[in-house]
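The data below hold one chain only, encoded as structure tokens and taken in the form predicted on its own.
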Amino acid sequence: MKPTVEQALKEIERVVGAEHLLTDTATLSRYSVNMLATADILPAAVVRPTSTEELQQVLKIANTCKTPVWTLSGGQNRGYGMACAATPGTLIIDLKRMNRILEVNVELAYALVEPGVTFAQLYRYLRDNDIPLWMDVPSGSPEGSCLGNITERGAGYTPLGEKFLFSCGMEVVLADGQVLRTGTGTLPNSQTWQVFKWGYGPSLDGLFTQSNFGIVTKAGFWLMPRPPAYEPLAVTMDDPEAVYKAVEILRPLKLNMVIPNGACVTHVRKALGLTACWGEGKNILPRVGRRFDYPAETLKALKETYALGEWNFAGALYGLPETVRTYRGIVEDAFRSALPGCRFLSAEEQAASPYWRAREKAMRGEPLWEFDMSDWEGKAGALWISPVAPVTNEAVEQQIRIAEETYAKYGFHYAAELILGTGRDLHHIIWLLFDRSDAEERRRAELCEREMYDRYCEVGYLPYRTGLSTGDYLMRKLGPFRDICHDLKQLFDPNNILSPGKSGIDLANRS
């Protein structure tokens, strides 16, 4: 007789206990909510294992019963899907109870954590134990998962902002319950698991990022020694065309590591949207609306209130005091010579603005404690569209033009930031905000998102991640790569139980 989901749940309950297998309506509803253009997606149940060993048993049962599961670490990816699965009727595996900080090595500056460890938790651990190391954080919730952000290849704002680049060593549970350790962790009692990325033979870590080939249960990543001096830089630019010169200014400063962190150039609309998430929502949202459709006079007043320009650069300097002073002079000279109308904000001006206060925290690895989108959820839709571009003004001009044209076509307003990673590439993070309760506007948002993907891919700009509803749409543009991803899925997970549909990888939808 073919095993059923009900049989799988009975067996899983014996593993985790009834209190950690949740099927009540309120819980399932909470795990169905997202901010995308799709409807809410109701799961079959939620299971909360507390260890790798429990997870192994859960997966063995799910694999035997061919019950699809969807894995969550923090469930905080608001613009990409939040805590729901890609398809209804899926068993959600919530890993928040696996929340041990397994090691922080002060001498070698690394951490090893489980999926449930949040940015807030790790920050407090470092602070409370007076450990002179800094971590990297994104612009989102302090309750986001450190490990989850690595496996999604998220970007942050310190010199360690390319999260996956600075990860080192994973433990992965495969669909059949087998445990794999990557890098030198394959050797029992390895002494170099978190310090040497590559190990021996093929490097497998990347296979388990933005994929559904296994569930990562431990991840190591590098931390940053607290520098002797740190100075945040805040530059406002009122000219709408200033972004193109800013890109040209920043490229050599990034390539030569004068500015070593994940620096960003942010449009005023997104700066206001971020400010609304960072503790000022009640003051801003009623005036600007969740879709940024505010009049020019309102925008002008908000710029003055929050010390913002049309474009806003945030970067930071780190090192010895004399090095920071020298680099400050280099950055000022570069900006003032190319953009004489730009303005460097003083420390006092930065401290008076919630936007710049949050930027200052993020660039030294402190989570944004004030983060709150509760006033948005259930009311506003939010999609993040994230094409990557070379750091040239020609590429940035082309990408912004595509976004502005496409948004105008569908009745939306451009709001974005450019995050400069290595100095060669940048992440163009574009917000698409809409009224999720309006079916017609939701339809326009979905069409707009897909046309953005079409236009960017046509001219060679691939987004670095997508939301739940568009993974397959984007993956189908990638030809043989899509075929190989499905070949790997067949190898690692022939029963197609692990997060089917993640990044458009689903054996049931292979053709």
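In this text, residue numbers run from 1 along the sequence as written. Treat the numbers as computed from the prediction; the structure is a model and nothing was measured.
Below, we turn to the form predicted together with a small molecule, even though it does not appear here.
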Any of the heavy atoms of Pro115 lying within 4.5 Å of the small molecule in the model of the complex? yes
Is Lys502 near the small molecule? Define near as a heavy atom within 4.5 Å, in the model of the complex. yes
Leu147 near the small molecule in the model of the complex, any heavy atom under 4.5 Å? yes
Quick one: is Ile215 in contact with the small molecule in the model of the complex, heavy atoms, 4.5 Å cut-off? yes
Using a 4.5 Å heavy atom cut-off, which stretch among 307 to 315, 230 to 238, 139 to 147, 424 to 432 contacts the small molecule in the model of the complex? 139 to 147
Looking at Asp205, Glu417, Glu360, Glu152 here, can you tell me which has any non-hydrogen atom within 4.5 angstroms of the small molecule in the model of the complex? Glu152
So which of Gln121, Thr406, Thr71, Thr90 gets a non-hydrogen atom within 4.5 Å of the small molecule in the model of the complex? Thr71
